[in-house]
Structures are given as C-alpha cells and as structure tokens.
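Form predicted alone, single chain, as structure tokens, below.
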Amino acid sequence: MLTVSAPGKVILFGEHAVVYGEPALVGTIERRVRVGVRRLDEKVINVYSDAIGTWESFTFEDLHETNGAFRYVKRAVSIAFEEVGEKTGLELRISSELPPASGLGSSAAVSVATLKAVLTLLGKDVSNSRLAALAHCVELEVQGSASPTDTAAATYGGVLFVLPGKGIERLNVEEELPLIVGNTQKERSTKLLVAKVRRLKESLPEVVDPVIRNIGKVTREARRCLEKGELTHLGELMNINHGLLEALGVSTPELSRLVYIARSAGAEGAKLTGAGGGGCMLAFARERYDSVLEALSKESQALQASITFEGVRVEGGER
C-alpha cells in the first residue's frame, strides 16, 4: 500500500485582519494526516478512517457528492481521476494526528494527501503548485468558498506569509519554533465569527479599523523577526496579537484561560489560533516547553506541535 502524508497548520499571526487585506502568517505543524491507497479489481472505492472506525464504499458516481464524513476524500479521488483521465477501484485507509474540526487544517491535509496518493498510484507526477490548486478545488467544491492558504500550507510546509490579493510566500525560516497547541474541544463556526467581527467593524469603524491595522503591523513585525532569527520578541508579539483579538470579541473564557495558563507556566507567548470562539490556542515556549505542555495537558487536549518545514510527502509502499 502506498502511503502519503500531509501536515496540519496553525495561524501564527493575523487571523481576522486578513479578511480586510492585512497579512497573516501560517505555520505547518508536525501533526499529520496519512492516506494509504492500493488498487482494487472491483469498480468501487472503499474508505476507512481510524477516526470513524468503519468502512464505507462508494461507486464512481458517488464521488461527485459533497456530503458525508468522507466528502473531502470523495472529491479528491474524483478530481485525481479527472486529472489522470483514468478511473480504477481503490482502497484508502486514513489516519490522523489532527483533531477534527479544530481549526488545524485537517480537511486540507486530507485533501492534499488523498490527491497526492491517488495521483502517485496512477503514475501522474504533478508540481506542488498544481497539487495545491487541485486541493483548493476540492475545498471549494465541498465548502462553497475557501481560502487557498490551508491547502498551500499542507502542500509546501514551513511558514507562509499570506497577503490577500498578492499571493502566498514561503518564508526562509531557519530557527526551530517550539509550539504547543491547546484544544478547548469546543466547536465554533468560522463563518459566524467573521460575520461578528464585520458587524463590529461596521458599527464602530473608528475604533475597530485601528485594531485591524495593528494586527497587520504585528504580523509584519513577526515576519521580520522570523526571517532575521530574532525570536526574543516573538512571544511578546503573540501576546499583543491575542489582546487585539480579544478586543475584537473572538476569544472565549476557555481560550483565554488556556492562554494565561501557558504564560504562567513559562511560555514566552500565547494566543488563540484561528477564528476563535472555541477551537485552539497556541503557546510558544523555548525555555520551559515541558512545563507549559504539562500545565496545558491538565486543562485541555494539549498537542506538541513544532513547525515542520516539510509539506506533503510520499512515505513509502508499493504503487
């Protein structure tokens, strides 16, 4: 069985402000989704996920549906078939180190890994830029609208600087970034939170617009620090970013509690990551990593999540 993996992601800086043209910094984390694939003689697609624990079977016609637990997998297989111009029976086995629906890019990682696995199995070599574009199509078809950021991150790995309207740039970052994710395991809706910030911005533009611009300034300064290897102020910038996001009303008592637990345990910086309203927070801890991990583990689902500079990869197996 051929196995391919792709990493998850965290938003390091810039969430919500990126909606209004400010930059964001996204980092991929060494928590992966793995997709194993092999051919079947039957004209059927059999899929198993360790998160669900059961098999599901699909016909070739079923692959055009955008519902169900395996909706990203189905569309990724269908788009891969279209790219190759060939259909074949497949068995896919999916395992994930990413908690689902937590804002850590699990759907993008599944889409990228599934596409790469099926394309490789069928002998089709595509560039990373093409793979990221195909994976973005998967997310667009399933979600109706989607940023290309998550699928680009899962494809390329590393730290990406996202500037709306001007593209995505992979930064040259050499320093290790020891991160810990704390998951509140509280569901949230990105769509509703974006709408909430928009309403606040429209009702109090003179107050909210400077907050948005300052998030952009923090993000640009964080980029400078990362590229220069000057990590001393990175934690302080994370703390400022979290405060600005709290001002926008997207934090929660659970998220802020984890942020302050992490800081009290020795993290240089901590902030929510993603849309807020639940989901995850992020701690940066160079000196007291184990203490911060232990403290967060007592209060949440805590994950070691250092930045990985490797994106999608073929891990082995027979084609």
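One rule holds for the numbers: they count along the sequence shown, beginning at 1. Bear in mind the structure is a predicted one, so any value in this text is a computation, not a measurement.
The same protein also exists as the form predicted in complex with a further copy of the same chain; that form is not shown, yet it is the one meant from here on.
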{"property": "Touches a further copy of the same chain in the predicted bound form: residue 92 (any heavy atom, 4.5 Å)", "result": "no"}
{"property": "Non-hydrogen atom contact residue 214 with a further copy of the same chain in the predicted bound form at 4.5 angstroms", "result": "yes"}
{"property": "Exercise: residue 172 in contact with a further copy of the same chain in the predicted bound form, heavy atom 4.5 Å", "result": "no"}
{"property": "Partner proximity in the predicted bound form: residue 98 to a further copy of the same chain, non-hydrogen atom cutoff 4.5 Å", "result": "no"}
{"property": "Check all three, 208, 240 and 251, heavy atom within 4.5 Å of a further copy of the same chain in the predicted bound form", "result": "yes"}
{"property": "Option from 231 to 239, 79 to 87, 164 to 172, 112 to 120 whose residues, in the predicted bound form, bring a heavy atom within 4.5 Å of a further copy of the same chain", "result": "231 to 239"}
{"property": "Single option in 244, 179, 197, 160 placed near a further copy of the same chain in the predicted bound form, where near means a heavy atom within 4.5 Å", "result": "244"}
{"property": "Among the candidates 185, 203, 189, 127, the residue which, in the predicted bound form, approaches a further copy of the same chain to within 4.5 Å (heavy atoms)", "result": "203"}
